[in-house]
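Have a look below at one chain only, the form predicted on its own, in structure tokens format.
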Amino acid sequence: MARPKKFDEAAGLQKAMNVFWKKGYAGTSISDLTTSMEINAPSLYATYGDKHKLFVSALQTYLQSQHEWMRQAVLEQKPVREIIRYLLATLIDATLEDPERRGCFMVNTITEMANQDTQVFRIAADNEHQIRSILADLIRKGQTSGEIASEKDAEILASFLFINFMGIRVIAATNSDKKHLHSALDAILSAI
């Protein structure tokens, strides 16, 4: 008879995500995971599968939270440019306020694994599609309200914003000049 699990799987996944986020996939050992998650290796394998499956689950959990945060922000009854400013400023501030300066878990994963792991590549492509879709809807909302010129292509503007969202996370991880980063935010907003 199997013994019942004595740990919270969601909390364990969160702890694993933090380890992968800090150390990357290749830099994370099973020992790192079991220590952080406070479980033994057989429990890790029985619950989450192998290291790669655990990593993918952690990455998907991270992305779901990011997508939900963005969707909630977009639903706000505020001017579209204010919402875009909020999204960008939050990404800057969250990165600067992280004492470990981990940057974006997805960006880190793309640079480490996307060219060698087809599953991670597909997750990255799906993430881009989802975020661009959220942003395109927001741009169209701004076009309907007259805040953004209707002759501009919403899909192209969404791609422009996505590229800047990803770039700002990379730069904020290495540049602590908040004023400089927020000035770049102003330039991004003026371009749309």
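Just count from 1 along the sequence shown to find any residue number. Small disclaimer: the values here were computed from a predicted structure and weren't measured.
Beyond what is shown, the protein has a form predicted in complex with a further copy of the same chain; the following relates to that form.
Trainee: Using a 4.5 Å heavy atom cut-off, are Pro79, Glu82 and Thr90 all in contact with a further copy of the same chain in the predicted complex?
Mentor: Zero of three within 4.5 Å in the predicted complex.
Trainee: Is there a heavy atom of Ile156 no more than 4.5 Å from a heavy atom of a further copy of the same chain in the predicted complex?
Mentor: Ile156: yes, in contact with a further copy of the same chain in the predicted complex.
Trainee: So in the predicted complex, does Glu128 come within 4.5 Å of a further copy of the same chain, heavy atom to heavy atom?
Mentor: Yes, Glu128 lies within 4.5 Å of a further copy of the same chain in the predicted complex.
Trainee: Indicate whether a further copy of the same chain has at least one heavy atom within 4.5 Å of a heavy atom of Asn108 in the predicted complex.
Mentor: It does: once a further copy of the same chain is placed as it appears in the predicted complex, Asn108 has a heavy atom within 4.5 Å of it.
Trainee: Indicate whether Phe121 is a 4.5 Å heavy atom neighbour of a further copy of the same chain in the predicted complex.
Mentor: Phe121 belongs to the contact set for a further copy of the same chain.
Trainee: For the interface check, one of 48-56, 34-42, 128-136, 66-74 should have non-hydrogen atoms within 4.5 Å of a further copy of the same chain in the predicted complex; which one?
Mentor: Only one stretch passes the 4.5 Å heavy-atom test: 128-136.
Trainee: From first to last in sequence, which residues of 98-116 have any non-hydrogen atom within 4.5 angstroms of a further copy of the same chain in the predicted complex?
Mentor: Contacts from 98-116: Glu100, Arg101, Arg102, Val107, Asn108, Ile110, Thr111, Ala114, Asn115, Gln116.
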